[in-house]
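What follows is a single chain, given as structure tokens, in the form predicted on its own.
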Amino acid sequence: MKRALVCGAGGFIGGHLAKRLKKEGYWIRGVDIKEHEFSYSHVDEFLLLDLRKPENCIKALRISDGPFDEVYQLAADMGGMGFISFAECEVLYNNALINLHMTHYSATMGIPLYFFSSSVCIYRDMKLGEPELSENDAYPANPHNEYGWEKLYSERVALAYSRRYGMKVRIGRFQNCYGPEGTWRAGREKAPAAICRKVAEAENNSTIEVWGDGTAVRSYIYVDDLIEAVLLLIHSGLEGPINIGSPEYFSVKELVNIVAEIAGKRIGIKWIEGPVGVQSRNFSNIRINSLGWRPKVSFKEGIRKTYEWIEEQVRKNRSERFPQ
């Protein structure tokens, strides 16, 4: 039985990854600074550890009978634009510590295969219609925010340790990921979850507030498709950072309209000032596609599943606040 360590198993993507690895027959240790909000029963062992501290990284990695077969490093202090726009210092400080320590001790403790979750936030702001960027087009570097700068630096740390210690490193640059069992309130949620929550909470023929003017364009990937790409990538021979994303692009206004249609509601939009992020990013998925991977879940199908789950959370939250 293969053994895997999933750092960030208390989070959205890490939780889904641990669940998938368990189905594949792995023995799983999950590690995070917090418990999964919804469930972490899909791991064999869960440790509450602050990975900013080197002794906790050592504890996470230490196991009887040799090293883990695979380490997946997804632990990060992050959220949507509402979070990373004001938490610049926390993002840089906390995530740099986590990635420096986890990479160092994974390499020096003999981990053979290490996955690092990077982000398409390492790319610059783009105008609509610009040609796709390949992985190499990240340089000369000009990320839009500090989250992107830290991810780019941590990519280089992982690759340097790979060269020095011979640890195989695979790096996935994730695009905007969404799906059930993710953060949907309290300021760290990303755009799909935030819009789903606002529409679920809204009455029919009412108006919701949305940051910006609706023209910013994004591409989104459903969490199951992302996990499938991660597992293909880590067991492939592809070296260097790899973009993982969908070729479907939608404006924020289109996102709101799709969610409202799924909810069966007429929803007006009041555009307000707020952190929007880049106007657009357009990047190539040729390298991940070379493994035979393509997204299977369309955006509308994925948003339907996400909305139904968030709508259920909204109902539960209301019943807890206002019991009969």
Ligand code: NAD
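Note that residue numbering begins at 1 and tracks the sequence as displayed. The structure displayed is predicted, hence computed values, not measured ones.
Just so you know, the form predicted together with the named molecule exists too; it's not on screen, but the next bit is about it.
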Subject >> Heavy atom contact within 4.5 Å of the named molecule in the model of the complex, the stretch among 234 to 242, 167 to 175, 127 to 135, 201 to 209 >> reply: 167 to 175
Subject >> Of Ile63, Ala263, Leu49, Ile269, the one that lies within 4.5 Å of the named molecule in the model of the complex (heavy atoms) >> reply: Leu49
**OP:** Answer with one of Tyr147, Tyr105, Trp184, Tyr161: the residue that has a non-hydrogen atom within 4.5 Å of the named molecule in the model of the complex.
**Re:** Tyr147
Original post:
Using heavy atoms and a 4.5 Å limit, would one call Asp225 a contact residue for the named molecule in the model of the complex?
Top reply: no
Original post:
Going by a heavy atom distance of 4.5 Å, is Ala193 a contact of the named molecule in the model of the complex?
Top reply: no
Original post:
Taking 4.5 angstroms as the cut-off for heavy atoms, does Lys296 touch the named molecule in the model of the complex?
Top reply: no
Subject >> the named molecule contact at Glu70 in the model of the complex, heavy atom, 4.5 Å >> reply: no
Subject >> Residues within 4.5 Å of the named molecule in the model of the complex, restricted to 64 to 92 and counted by heavy atom >> reply: Leu74, Ala75, Ala76, Asp77, Met78
